[in-house]
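This document starts with one chain, in the form predicted on its own, laid out as structure tokens.
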Amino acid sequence: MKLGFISVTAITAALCASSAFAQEEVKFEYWYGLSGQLGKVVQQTCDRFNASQDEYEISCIGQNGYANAVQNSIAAFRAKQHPTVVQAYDAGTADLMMSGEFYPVHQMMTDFGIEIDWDDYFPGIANYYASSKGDLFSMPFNSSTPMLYINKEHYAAAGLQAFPETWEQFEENLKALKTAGQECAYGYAPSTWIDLEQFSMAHGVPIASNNNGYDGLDSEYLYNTTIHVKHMENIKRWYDESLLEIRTTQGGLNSRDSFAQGECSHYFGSIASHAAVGKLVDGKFEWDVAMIPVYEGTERKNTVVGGASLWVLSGKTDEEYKGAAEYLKFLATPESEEFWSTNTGYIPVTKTGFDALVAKGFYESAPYKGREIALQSLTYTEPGPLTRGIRLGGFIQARSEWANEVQAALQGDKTMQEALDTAVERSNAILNKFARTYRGKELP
């Protein structure tokens, strides 16, 4: 069934059939990428939905990672065994949009008579998953942005008080911490999402041409020509000067856990980690979060949403689509947003959901205090052409090219400029292939 031709008659017939067999719940599947504690909370949202009504039964199946969720869904799609709903992360947005194998959520909700105030969604979140006309193709769900996590007790011991707003001040703080005897002043793990994507957004510089891909498929990466180069060269220098330590799972504790164990004074991570960090720290020391710094002389811009959205895939029955629509409606309530934000570190995706938490004093004290700063970062300025998101095909592979080359530069195999030049060259080849695949078509 082509989604563009779903008729009101077919929907009406499906609804009548559903009422005739009300004793039999309509079952449909949802594949999600989150794992660990966050994955458990996803499962709880499914259990809560199933308990809230008796017409539909959603079966939620973890895929142990965003990439797996997308790749497994593609493989299952070819065998016509795919889920009705899949949680796909931000990097796969352009690929899913161009595939056309989805049911736009704004259209689905309209078709089934479910009213959603789309204007209630924060622009910095909705823009990432919307068409050029502003219609949401997928449902914003687990939304985040990066934060700087800071050990306040390490700061006090080094005589530091103010959190760094600039990278220059951040470097001075690293030096002060080292002088005070702190072995790991900064637990670093290379991250294209933080080091490249969010860094570029906050500085208002392009990652690629055509306004980061929004204005055409004939885009090219540009990040080897922007202030991003200087930043990555500074990271390499900080590593050489022992101002940071690389902390990944390959070398023991990752950057988050190194921070939570009190070993490292800083780490950069998603606001989604806020709840996990709090549980790991467990009151052993005082900590807080701040917006990611910008370089002196920069007019700070908004960061953009990370995380994932929920896509409804093609090739399913009207009954399954009605169940998916009811589930997304359930998630869109302030009550569900509060449950999600309380049990994770993710931020509400709607203004109503956020206002409801503020009215309850949610952000006034631990363990939730600080999470509102993520929303301040997302809404610091109105999203503009360079700060509304990224619309680049094959971006998942391009992230890998950046990560591989940066790793080589950190190991001393090449200069950082050489590494970024190579990553751009290889990533542009990925973009060119994507453009050829969809020759003659335009981004929706």
Partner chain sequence: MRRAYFKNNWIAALVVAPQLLIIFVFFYWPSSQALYWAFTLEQPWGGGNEWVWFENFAYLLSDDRYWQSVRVSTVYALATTALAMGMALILALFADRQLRGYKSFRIGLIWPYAVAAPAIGLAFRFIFNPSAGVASYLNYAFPDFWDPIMNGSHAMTMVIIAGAWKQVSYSFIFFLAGLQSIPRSLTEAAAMDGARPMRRMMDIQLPLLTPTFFFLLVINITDSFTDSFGIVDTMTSGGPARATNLMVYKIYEDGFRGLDYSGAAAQSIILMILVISLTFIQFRYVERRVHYT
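What you see is a predicted model, and the numbers here were worked out from it, not measured in a lab. Residue numbers count along the first chain shown, from 1.
There is also a form predicted together with its partner chain; it is not shown, and the following applies to it.
Looking at Gln411, you'd find a heavy atom of it within 4.5 angstroms of its partner chain in the predicted complex. Within this chain, Gln43 is remote from the site of its partner chain in the predicted complex, having no heavy atom within 4.5 Å.
Shown alone here, Glu286 lies farther than 4.5 Å from its partner chain in the predicted complex, counting heavy atoms only.
Shown alone here, Gly181 lies farther than 4.5 Å from its partner chain in the predicted complex, counting heavy atoms only. Comment: its partner chain is not present in this chain, but in the predicted complex one of Lys360, Lys230, Arg78, Lys279 has a heavy atom within 4.5 Å of it, namely Arg78. For the candidate set Gln417, Thr381, Gln407, Ser35, a heavy atom within 4.5 Å of its partner chain in the predicted complex is found for exactly one residue, namely Gln407.
Figure note: of the listed segments 196 to 204, 363 to 371, 240 to 248, 125 to 133, the one touching its partner chain in the predicted complex, with heavy atoms no more than 4.5 Å away, is 240 to 248. Not one of Phe141, Leu148 and Asn343 is positioned with any heavy atom within 4.5 Å of its partner chain in the predicted complex. Residues are counted as partner-facing when one of their heavy atoms sits within 4.5 Å of its partner chain in the predicted complex; in 424 to 444 these are Arg426, Ala429, Lys433, Arg436, Thr437, Tyr438, Arg439, Lys441, in sequence order.
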